[in-house]
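Next up: a single chain in structure tokens, the form predicted alone.
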């Protein structure tokens, strides 16, 4: 069996808040296979973006604990001094952020920013060669007249074009791991479909792995090889995307699928009302005694009063529910 590109073991993240210590990530265990697109789904507040920021070690100053292991290509990333990890960030690990308008510098042209990224990653490149490479990458991600767009500023581009620039910027550094943090969230449906199509076309040429974060399971099912379902700072189910979406084993995964717009009329007996999951996501400041999803789960029973950990089901997927593996 091929070793994964990235192994995450017992990853914990805590932050100091005015209400007390917030336990944001609670013992995450996750493998990302080489050359795979892994989708991470869950409601807002489930810890998806925090997981991505941990991989880049781009965390706010109120973080009080970042512990566990993150091993990539034989290197333990959490143990690296910041000066050494800087070579990984923006090099072997790159990220496409949710909002390209805030990720791009508004006072520099697109070309200046792309050339700067290319030369930082490959110092031997001169400005002319870096500019040629950046312009070619803009064309590769579907931006018309890339030479003209190199002189544009972020505010002069549409949201979809800005997101394409961010994808081009990430691909310029030729990362082993590309983190895409809800790259279609701020886009309309038509542009979202174009960006998803772009990812599908790029995967044939991109040899690295992609961690694709989304709140839309249907989108993940279309694009990804594997899926990781997060809830309350934990992983509750993971496995091949086709198996998980066709036969969800965790009640939360099933609830997310039921909330997909395409399934809503059937799930509501034709009433037309949108499905929702009753209750609220867990408060990270409050200690969870048992199964993290039990307060909102219609199938909760006495064993759910005990903490649930990921266990391997007979079909090979991993599920944090005693019913799925009993």
Partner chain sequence: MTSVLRGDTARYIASRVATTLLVIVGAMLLLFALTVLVPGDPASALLGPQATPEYARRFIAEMGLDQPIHVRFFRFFAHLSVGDFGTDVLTGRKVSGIILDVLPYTVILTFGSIGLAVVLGIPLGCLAATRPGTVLDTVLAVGSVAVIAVPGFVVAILLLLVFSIWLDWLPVLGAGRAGDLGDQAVRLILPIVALSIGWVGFIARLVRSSMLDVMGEAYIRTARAYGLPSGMVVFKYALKNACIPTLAVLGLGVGRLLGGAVLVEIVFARPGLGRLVLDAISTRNFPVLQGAVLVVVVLFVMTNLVVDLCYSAIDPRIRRGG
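All values derive from a computational prediction rather than experimental measurement. Positions refer to the first chain, counted from 1.
In what follows, reference is made to the form predicted together with its partner chain, a form of this protein that is not presented.
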**Asked** Between the options 90, 142, 160, 248, which residue brings a heavy atom to within 4.5 Å of its partner chain in the predicted bound form?
**Response** 90
**Prompt:** Which of 219, 103, 198, 130 has a heavy atom within 4.5 Å of its partner chain in the predicted bound form?
**Reply:** 103
**Message:** Each of 255, 297 and 323 within 4.5 Å of its partner chain in the predicted bound form, by any heavy atom, yes or no?
**Reply:** no
**Request:** Tell me, yes or no, whether residue 225 is in contact with its partner chain in the predicted bound form, where a contact means a heavy atom of each within 4.5 Å.
**Result:** no
**Prompt:** Would residue 58 count as a contact of its partner chain in the predicted bound form, using a 4.5 angstroms cut-off between non-hydrogen atoms?
**Reply:** yes
**Asked** Wondering, does residue 137 line up within 4.5 Å of its partner chain in the predicted bound form on heavy atoms?
**Response** no
**Message:** Taking its partner chain as it sits in the predicted bound form, is residue 230 in contact with it (heavy atom to heavy atom, 4.5 Å or less)?
**Reply:** no
**Asked** in the predicted bound form, which of 230-238, 169-177, 199-207, 72-80 comes within 4.5 Å of its partner chain (heavy atoms)?
**Response** 169-177
**Complete:** Looking in the predicted bound form, the residues of 100-123 with a heavy atom no more than 4.5 Å from its partner chain, listed in order, are 102, 103, 104, 105, 106, 107, 108, 112, 113, 116, 117, 120
